[in-house]
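Single chain ahead, written as structure tokens, the form predicted alone.
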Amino acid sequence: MATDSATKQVPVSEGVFTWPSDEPRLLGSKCTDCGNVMFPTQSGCPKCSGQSTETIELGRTGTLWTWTVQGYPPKSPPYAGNADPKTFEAFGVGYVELPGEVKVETRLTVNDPEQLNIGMEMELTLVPLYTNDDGEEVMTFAFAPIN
């Protein structure tokens, strides 16, 4: 994951994915009343209004449900990556359907439209988002095509 073994890595936010992990998993919620699965974790269920959920590890693989390419810097804040129009690098963004669980809005590791197809198999990975003021590499989740 890291390009420099001396650089400390930290998650973009606690409780979004397992950390540290060689095989990361997103953390979601499952309603104990109706079985609805949600991401990110939630204390209540939007499907049945139940107030009892449990934290679960979601699947690592799924299919690309839809996608686009973010070709210009998102508004910052809340965006926490490189927002400088001169150095910004476009990135893929889409929804990945985790079978039997939930569709996850996610960054993609690919930004070339020729390499993205609806229905293609994808796998969860962690990627650098930015370097914080402490010199730590802030990691976020993304999905990569399975070759």
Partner chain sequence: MTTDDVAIVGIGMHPFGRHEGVSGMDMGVAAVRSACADAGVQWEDIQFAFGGSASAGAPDTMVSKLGLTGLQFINVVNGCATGGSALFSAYNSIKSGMFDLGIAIGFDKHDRGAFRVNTKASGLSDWYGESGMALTTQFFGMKINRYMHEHGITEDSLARVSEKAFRNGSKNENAWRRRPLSMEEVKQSAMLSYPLTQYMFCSPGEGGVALILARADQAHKYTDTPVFLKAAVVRSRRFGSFEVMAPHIALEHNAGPTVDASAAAFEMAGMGPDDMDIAQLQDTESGAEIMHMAENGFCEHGEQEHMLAMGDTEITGRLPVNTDGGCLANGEPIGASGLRQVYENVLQLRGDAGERQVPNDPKTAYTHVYGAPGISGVTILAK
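Keep in mind that this is a model prediction, so the values were computed, not measured. Numbering follows the first chain given and starts at 1.
Just so it is clear, the following notes concern the form predicted together with the partner chain, a form of the same protein that is not shown.
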Item to complete: Considering only heavy atoms, tell me if Val10 and the partner chain come within 4.5 Å of each other in the model of the complex.
Response: no
Worksheet entry | Close approach of Ser52 to the partner chain in the model of the complex, 4.5 Å, heavy atom | no
Discussion item. Given that the partner chain is not shown alongside this chain, does Met38 nevertheless sit within 4.5 Å of it in the model of the complex, heavy atom to heavy atom?
Written reply: yes
Worksheet entry | Gly62 within 4.5 Å of the partner chain in the model of the complex, heavy atoms | no
Discussion item. Only one of Met120, Val69, Ala83, Ile56 gets a heavy atom within 4.5 Å of the partner chain in the model of the complex. Which one?
Written reply: Val69
Discussion item. Using a 4.5 Å heavy atom cutoff, which residues in 76-91 contact the partner chain in the model of the complex? It's fine if the answer is none.
Written reply: Ser76, Pro77, Pro78, Tyr79, Ala80, Gly81, Phe91
